[in-house]
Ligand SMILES: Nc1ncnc2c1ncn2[C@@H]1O[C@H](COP(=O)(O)OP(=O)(O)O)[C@@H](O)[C@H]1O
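Shown next as structure tokens: one chain only, the form predicted alone.
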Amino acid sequence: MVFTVGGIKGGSGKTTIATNLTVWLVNQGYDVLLVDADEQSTSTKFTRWRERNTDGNSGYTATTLLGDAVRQQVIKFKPKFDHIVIDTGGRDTSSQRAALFVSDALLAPFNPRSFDLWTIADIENLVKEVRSLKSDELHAFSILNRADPKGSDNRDSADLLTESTLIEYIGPAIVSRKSFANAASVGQGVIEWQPYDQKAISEINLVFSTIMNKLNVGINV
């Protein structure tokens, strides 16, 4: 599968989702390619920290691609890897569009805030446009990310995301926790960070395993 983690607003935690998905897939025993298609290069920095702390053994292959090179190179890479994860920027860029045209699934994270949720209509239009031009299917999933530990905003936001007929909401919400930042600071996924944050791990496992099941991809969780 080729997964694009995207959206049109920055700050929703796309790199957190992309890097944690990559580590999660590696933990499943898959050979994974992580493509950094964001000009901010945060996934690349994550991989550098990971290699520094693992003597160069990140467990996955990483590369940087921008613009139409994303489409061209991912087509070439696809037969060589079990899964490819593409981290795109928080804007409707040529890199993101190129990624979507060669992807099986879009994962769109949203924060439980009105400004983030208002963009769902724009992402729906982007999905509709790409689907009209692609010969194969593009699945689209929304994730509530950096959610509040308490309060009604998560439920209200999840209800709003569920209303979309083009982008399927996948729960539970992934709560904003220090363990994600702590893990990222040394190039780790939250499933690797010690001491283990069982709540964060449970949320990640449920979200990713649900997506994989909907795509009919085997998992070990």
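One rule holds for the numbers: they count along the sequence shown, beginning at 1. Because the structure is a prediction, the values reported are computed rather than measured.
Just so you know, the form predicted in complex with this ligand exists too; it's not on screen, but the next bit is about it.
Visitor: Based on heavy atom distances of 4.5 Å or less, which listed stretch (98-106, 125-133, 73-81, 138-146) is in contact with this ligand in the predicted complex?
Guide: Looking at the partner contacts, the answer comes out as 138-146.
Visitor: So in the predicted complex, is this ligand close enough to I191 to count as touching (4.5 Å, heavy atoms)?
Guide: Although this ligand is absent here, I191 would stay clear of it in the predicted complex, with no heavy atoms inside 4.5 Å.
Visitor: Whether T64 contacts this ligand in the predicted complex should be assessed with a 4.5 Å heavy atom distance threshold; does it?
Guide: Because no heavy atom of T64 falls inside 4.5 Å of this ligand in the predicted complex, the answer is no.
Visitor: How about Y60: is it within 4.5 Å of this ligand in the predicted complex, going by heavy atoms?
Guide: Heavy-atom contact with this ligand at 4.5 Å: absent for Y60.
Visitor: Answer for S176 alone: is it within 4.5 Å of this ligand in the predicted complex, judged on heavy atom distances?
Guide: Residue-level check for S176: yes, a contact with this ligand.
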